[in-house]
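Take a look at this single chain in structure tokens; it is the form predicted on its own.
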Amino acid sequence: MDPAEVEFLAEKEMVKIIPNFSLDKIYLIGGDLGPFNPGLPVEVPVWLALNLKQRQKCRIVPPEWMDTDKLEEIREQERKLETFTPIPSPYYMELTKLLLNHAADNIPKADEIRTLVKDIWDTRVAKLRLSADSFISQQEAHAQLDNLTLMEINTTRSFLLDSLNYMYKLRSNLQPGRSKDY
């Protein structure tokens, strides 16, 4: 799975919008949405919110976790603890990117939020690299990946798979580059 596929999955997350148009309920395969009334918040998938925003049909309400105070608290917890802290959204990085790229005017302190999320991401990826290094150097057979997001797992997937394959070859006394038929 590549980052674009993870971003596609993130677009299914629900977000509140405040429409400036009227429309009855719309019936989609993924579920019913609406009704849409001017000034009344309604939850829609991110893909629809971004589409309506681009057509100037709504204002996007940022998710509750997209607040500088909450993000600073998460960043501090992430820096203090050795384990991965729970993240308020499994797609926090992708949603931040999408919403700030397409609706920054609807999000207060957008630049600060972008910086905080980047700090959280950098801290978590550094922790993940240290965990992977420790995992490989101690020749562990399994690892517990609690509180990681799909994108975070995706960033180290190829490294871990290659390392584990190499460790398997070393453990089974195969020379790198040679294969044994089973």
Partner chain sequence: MPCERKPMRYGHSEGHTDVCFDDEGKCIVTCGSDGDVRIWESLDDDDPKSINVGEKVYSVALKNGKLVTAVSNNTVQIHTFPEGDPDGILTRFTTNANHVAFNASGSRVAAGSSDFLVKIVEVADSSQQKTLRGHDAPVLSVALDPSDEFLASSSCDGSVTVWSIESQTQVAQWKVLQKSSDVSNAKSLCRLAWQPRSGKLLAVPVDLTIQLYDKNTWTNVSTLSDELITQVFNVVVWSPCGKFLAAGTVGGNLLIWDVEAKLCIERQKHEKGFTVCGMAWHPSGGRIAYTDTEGCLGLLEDVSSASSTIQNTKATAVKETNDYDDLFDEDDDRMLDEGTTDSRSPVKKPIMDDDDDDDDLMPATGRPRNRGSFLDDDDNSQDPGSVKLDGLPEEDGSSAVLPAVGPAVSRPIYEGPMPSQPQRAFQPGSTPVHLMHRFMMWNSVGIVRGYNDDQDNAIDVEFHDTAIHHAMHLTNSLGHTMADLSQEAVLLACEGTDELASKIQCLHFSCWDTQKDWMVDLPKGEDVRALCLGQGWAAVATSTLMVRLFSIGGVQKEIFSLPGAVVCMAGHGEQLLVVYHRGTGFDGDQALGVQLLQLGRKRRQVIHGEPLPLSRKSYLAWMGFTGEGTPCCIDSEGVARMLNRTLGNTWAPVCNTRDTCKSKSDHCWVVGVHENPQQIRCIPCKGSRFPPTLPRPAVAVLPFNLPYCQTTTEKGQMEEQYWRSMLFHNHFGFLSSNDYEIDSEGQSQAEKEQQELLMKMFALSCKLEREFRCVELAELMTHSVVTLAIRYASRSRRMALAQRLSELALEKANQLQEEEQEEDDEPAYQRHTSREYRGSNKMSSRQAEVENGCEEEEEQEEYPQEEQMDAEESTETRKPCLNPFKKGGKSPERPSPKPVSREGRVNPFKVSGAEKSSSSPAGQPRTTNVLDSMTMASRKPATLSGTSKQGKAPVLKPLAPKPKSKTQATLLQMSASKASRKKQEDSQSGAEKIKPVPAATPPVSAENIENRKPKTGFQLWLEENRKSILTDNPDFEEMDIIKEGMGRFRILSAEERLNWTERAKGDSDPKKRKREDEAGQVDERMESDEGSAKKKKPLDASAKLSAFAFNKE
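What you are looking at is a predicted structure, and each value in this text was computed from that prediction instead of being measured. Positions refer to the first chain, counted from 1.
Heads up, the form predicted in complex with the partner chain isn't pictured, but that's what we're talking about next.
Worksheet item: Among the candidate residues Asn147, Thr156, Asn37, Thr68, which is the single one with a non-hydrogen atom no more than 4.5 Å from the partner chain in the predicted complex?
Response: So the residue touching the partner chain in the predicted complex, by this definition, is Asn37.
Item to complete: Verify the contact flag for Tyr166: yes if a non-hydrogen atom of it lies within 4.5 Å of a non-hydrogen atom of the partner chain in the predicted complex, no if not.
Response: Flag for Tyr166 set to no.
Discussion item. Is Lys127 near the partner chain? Define near as a heavy atom within 4.5 Å, in the predicted complex.
Written reply: Result no; Lys127 lies far from the partner chain in the predicted complex.
Worksheet item: Can any non-hydrogen atom of Ser22 be found within 4.5 angstroms of the partner chain in the predicted complex?
Response: Although the partner chain is absent here, Ser22 would touch it in the predicted complex, with heavy atoms inside 4.5 Å.
Worksheet item: Does Arg59 reach the partner chain in the predicted complex if we count a contact as any heavy atom within 4.5 Å?
Response: Yes, Arg59 lies within 4.5 Å of the partner chain in the predicted complex.
Worksheet item: So which stretch, 128-136, 147-155, 110-118, 37-45, is the one near the partner chain in the predicted complex (non-hydrogen atoms, 4.5 Å)?
Response: Only one stretch passes the 4.5 Å heavy-atom test: 37-45.
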